[in-house]
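Okay, so here's just one chain, in structure tokens, the form predicted alone.
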Amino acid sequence: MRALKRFGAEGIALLGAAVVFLVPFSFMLLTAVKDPLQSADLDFSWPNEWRAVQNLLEVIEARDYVLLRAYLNSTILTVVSVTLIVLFAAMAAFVLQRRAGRIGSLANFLVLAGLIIPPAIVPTIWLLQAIGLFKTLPGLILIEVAFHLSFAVLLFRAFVAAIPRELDEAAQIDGCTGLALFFRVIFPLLRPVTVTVIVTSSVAVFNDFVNPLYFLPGDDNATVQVTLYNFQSQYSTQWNLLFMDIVLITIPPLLLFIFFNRKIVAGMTAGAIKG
């Protein structure tokens, strides 16, 4: 009887997952390969004419190959931002975990505030204009690092708490300075949570739509999410090209999650198990 109940619960869970994930994904794929007239119906019908290759080429060639420039910009933005997030968050988490006190409490409060307080768009634009980084890729990189740093610090700090302090003392007795202790002893031990931060931050930065729209406008600065505007205007929308663009944008993060989903869960739970 217990096994029957468990089988029923698992079946309901699988059915729910199929409805939530597979049905929208199937609708997206079907619309992406239809002709413009049939795609305008936005229904679940089978395509009368398969236009996968034609739609793919039209999306890539649109607006003088803006999608290819967008992929390059998004790749640079993601790689540099995630690298800075991992380095800054790991070092900050190590210091906050090892040095408790009033300053540490204040720093912890600021980290939590970074998760709770919503970003102020207009003052941030004023600040970027004042320092000459508005509409530049370095300016957007700083924005992404600031927005994702708090969550990464919390993940790293939970893992650092599981590393015994005796390891620090042994390294210092052997002559390690602060930076040598962190990069030669502590940082290699953070590999599971580092993979988690890399994957989650990469997906968040690559899929970010709002920040590039506000802080990096213009065709030359376009990121992949902003290219969705290429096929939608005030009076008309090319649904087949729009959904083909969504398919192309979805592939990289989807592959990242498929190959690293086990490491993500392991990294998020490793610190809790050891603690």
Partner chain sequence: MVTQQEAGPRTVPGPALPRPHARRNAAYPYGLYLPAAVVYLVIFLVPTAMAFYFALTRWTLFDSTFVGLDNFRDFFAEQNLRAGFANTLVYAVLTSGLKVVFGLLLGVLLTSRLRLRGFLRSVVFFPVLVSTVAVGITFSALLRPDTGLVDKTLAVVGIDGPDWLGDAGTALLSVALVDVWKGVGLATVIYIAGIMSIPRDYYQAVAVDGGGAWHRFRHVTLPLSWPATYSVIILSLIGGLRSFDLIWTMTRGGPGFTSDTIASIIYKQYQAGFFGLSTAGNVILFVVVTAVVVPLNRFLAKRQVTS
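Residue numbers count along the first chain shown, from 1. For clarity, a rigid core is taken as the largest C-alpha set superposing within 1.5 Å between two forms. This one's a predicted model, so the numbers in the text were calculated from it and none came from an experiment.
Keep in mind the form predicted together with its partner chain is missing from the figure; the text below concerns it.
Participant: Verify the flagged residues 47, 71 and 221 against its partner chain in the predicted bound form: is each one within 4.5 Å by a non-hydrogen atom?
Facilitator: Heavy-atom distance to its partner chain in the predicted bound form: none of the three under 4.5 Å.
Participant: Answer yes if any heavy atom of residue 125 is within 4.5 Å of a heavy atom of its partner chain in the predicted bound form; otherwise answer no.
Facilitator: Yes, residue 125 is a contact residue.
Participant: Do residue 129 and its partner chain share at least one heavy atom pair within 4.5 Å in the predicted bound form?
Facilitator: Contact with its partner chain, yes.
Participant: Taking any heavy atom pair closer than or equal to 4.5 Å as contact, tell me whether residue 187 reaches its partner chain in the predicted bound form.
Facilitator: Heavy-atom contact with its partner chain at 4.5 Å: absent for residue 187.
Participant: Indicate whether residue 242 is a 4.5 Å heavy atom neighbour of its partner chain in the predicted bound form.
Facilitator: So residue 242 counts as contacting its partner chain.
Participant: Which pick from 62, 52, 228, 248 sits with a heavy atom within 4.5 Å of its partner chain in the predicted bound form?
Facilitator: Checking each option against its partner chain in the predicted bound form, the one that comes within 4.5 Å is 228.
Participant: Please tell me which of 137, 195, 110, 79 lies within 4.5 Å of its partner chain in the predicted bound form, judged by heavy atoms.
Facilitator: If I apply the 4.5 Å criterion carefully, the residue I get is 110.
Participant: Note that its partner chain is not shown here; using its position in the predicted bound form, name the residues of 84-107 with a heavy atom within 4.5 Å of it, in sequence order.
Facilitator: 88, 91, 92, 94, 95, 96, 98, 99, 100, 103, 104, 107 sit within 4.5 Å of the partner.
Participant: So, superposing on the core, is the move of residue 24 at the CA at least 2 angstroms between the shown form and the other one?
Facilitator: Residue 24 C-alpha, core-superposed: shift of less than 2 Å.
Participant: Once everything's superposed on the core, is residue 15 shifted 2 Å or more at the Cα between the shown form and the other one?
Facilitator: Indeed, residue 15 is displaced by 2 Å or more.
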